[in-house]
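As structure tokens, one chain now follows by itself in the form predicted on its own.
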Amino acid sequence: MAEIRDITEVDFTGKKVLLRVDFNVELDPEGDALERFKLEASKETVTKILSFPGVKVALLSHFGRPEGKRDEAYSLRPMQDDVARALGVPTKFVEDCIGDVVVSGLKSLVDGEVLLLENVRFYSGEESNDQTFAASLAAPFDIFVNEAFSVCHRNQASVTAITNILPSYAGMRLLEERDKLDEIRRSPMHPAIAIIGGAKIETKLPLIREFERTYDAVLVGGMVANEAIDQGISFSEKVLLPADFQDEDARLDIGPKTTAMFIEIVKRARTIVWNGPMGKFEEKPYDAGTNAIVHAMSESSAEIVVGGGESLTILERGNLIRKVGFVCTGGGAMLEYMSGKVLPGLAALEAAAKQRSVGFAARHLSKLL
């Protein structure tokens, strides 16, 4: 495994730190965050960095798709109080992520406070991975820390380009997610099963194929199963598509025979990876298949890893977020990493670590000469 430097190597005393987080969460009509787990995911790293005297920390996130322009509907301002509660630290908000307001905001911080920056996607340079925009993001800071595994599959300014400018490190949660996914991908306990649901067969098919190769069974539901059936995609006997549906015409949820079959397989498993619901879980009675399988997982002693926004929503609604195994914050990043793809965000951190090692060796050699 290539080296990535983590924050345990760093003395943050008196440093200004840009921390990339993922606060792209669903909000209720009052503007309160519904996915508290994603807000809380960076708490350990924030606490660790703030333990150093004189350190200044700014939190940088995207939210929604404002298409590279300022749109108050996608402002992070309403999340200020939610972020403060989730992290357990006083949080100040500034209305931009670059420029003088960021510099002023950092100066205003006292020990123990953090700064929440405005949505990085208000600038088109974010998604185009513009180096000049990355330099603007980096300008007020001494150190960059990526704590958002969930965006590591994006080749964007606040994920990759910025690592060419600032000394760059991985946050504690990012490394934890990478290591857990490595563990269950490379050396799962058998029987190992994957439960794949949700939508978009084109994004889920590479993952199904990878699990088909390495795991003992792949249980497929949701729109992914419907699309696989409609497209006549062929699988080995390891991949189990629904044998029945609650409504054979609408096919909005797996049926009772399929649910019972899947539950029996879950009960025997020693490793379970779950990404995506088995049906239209937002609407009763089409949540039945998903709920039954989640209940079976909650009673299992298997090593369980969960990923995907809808899966997190289901767990949070059932107050099961800390009862069903390890929860990965990134659905898309998890899919790509488990499929064997190189994630640009991780590659950028690896390159930054390598460059630092080469630079250190060169400086050491020059001293000897």
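Only a predicted model underlies this, so the values are computations on that prediction, with no experimental measurement involved. Note that residue numbering begins at 1 and tracks the sequence as displayed.
Although it is not shown, the form predicted together with a small molecule is what the next lines describe.
- Scanning A161, I272, V151, V114 against the small molecule in the model of the complex with a 4.5 Å heavy atom cut-off leaves one residue, V151.
- Listed residues K341, R65, K69, K323 were compared with the small molecule in the model of the complex; R65 is the one with a heavy atom within 4.5 Å.
- No member of the trio T45, R173 and K180 reaches the small molecule in the model of the complex with any non-hydrogen atom inside 4.5 Å.
- Note on the interface: of 295-303, 228-236, 153-161, 92-100, the segment with non-hydrogen atoms within 4.5 angstroms of the small molecule in the model of the complex is 153-161.
- Contact annotation for K38: at least one heavy atom lies within 4.5 Å of the small molecule in the model of the complex.
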